[in-house]
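Next up is one chain by itself, shown in structure tokens, the form predicted alone.
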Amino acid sequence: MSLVFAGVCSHAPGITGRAKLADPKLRDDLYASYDRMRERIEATKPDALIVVAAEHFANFFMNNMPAYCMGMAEQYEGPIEDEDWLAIKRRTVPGNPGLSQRLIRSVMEDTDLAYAEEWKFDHGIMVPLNFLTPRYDLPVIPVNINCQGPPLTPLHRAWRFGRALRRACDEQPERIALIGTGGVSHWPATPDSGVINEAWDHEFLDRFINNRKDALLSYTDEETFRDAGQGGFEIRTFITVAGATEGSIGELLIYAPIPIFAVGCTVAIMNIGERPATEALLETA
């Protein structure tokens, strides 16, 4: 069929694990935004959900760190973290190995892609699934982009990976939804945890929502590390979604800086097929 849905959201463990400590209004608004995304996903009636995430040394470490990896298992288990700490019960999540293998073969025409039949989901996938597939009945295809240990994949390669992923999805008979999870600015597991660079986040999200390719790809890792922390490297998951929806514009459902969650919490949807207004104006000028 085709790619029928695309969006991005935050996955910080505090979103579930420290929910009681957050400002109730901000927390409830964030949860409502996840619900809106879930409703939009369900309305497209997908057969599978691709989750592009940045896992946190749960499965991949410096002895073997693929730039890109896709899962092709019958099922997955998560969270790998303590259930009480994350406030998410351990679950078995269905996969779709046949679809995964077809996607992998197609993406490999453009991008070197590792694959895995064993994968433990950490909070990077389980926090979004907790809100977006609460019945855990939608087959999930996990994708990991190394956003942890340098050398990191260049941003333009993440964009090209997104384009290859879109083409691969559009070749399949199934209806496929896609989300990217991570970011934006945050400094996890450091003395600066809880710091949020709101100005940087707003600028990045404006570039993302309007799908301004050149602006999105203009960041250097040095600038991102300085202004958005090591957690800012996860913009690669957002850029992958932007590449998969090239020519479309998005809708920001929420941006809420919540220090106890240690991130500027974001939920956004890309309206597949809608072009940035500036692009349309240029064509009619």
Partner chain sequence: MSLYYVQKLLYQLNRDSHTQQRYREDFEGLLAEYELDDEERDALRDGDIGLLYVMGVNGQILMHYSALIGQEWHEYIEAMKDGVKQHGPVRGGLYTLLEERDQ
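Residue numbers count along the first chain shown, from 1. A quick note: this is a predicted structure, and the numbers were derived from the prediction, not measured.
Not on display, but discussed next: the form predicted together with its partner chain.
The three marked residues, Trp200, Arg236 and Thr266, fail to reach its partner chain in the predicted bound form, with no heavy atom of any inside 4.5 Å. Lys120 is the sole member of Arg160, Lys120, Arg167, Arg175 with a non-hydrogen atom lying within 4.5 angstroms of its partner chain in the predicted bound form. Scanning Ser193, Thr153, Ser106, Asn210 against its partner chain in the predicted bound form with a 4.5 Å heavy atom cut-off leaves one residue, Ser193. Within this chain, Ala114 is remote from the site of its partner chain in the predicted bound form, having no heavy atom within 4.5 Å. Of the heavy atoms in Asp82, some are within 4.5 Å of its partner chain in the predicted bound form.
For Ala189, a non-hydrogen atom is located within 4.5 Å of its partner chain in the predicted bound form, even though that partner is not displayed. Residue contact with its partner chain in the predicted bound form: His56 places a heavy atom within 4.5 Å of it. Heavy atoms within 4.5 Å of its partner chain in the predicted bound form map, among the stretches 177-185, 145-153, 97-105, 200-208, onto 145-153 alone.
Residues Pro13, Arg18 of 2-18 are found to place at least one heavy atom within 4.5 Å of its partner chain in the predicted bound form.
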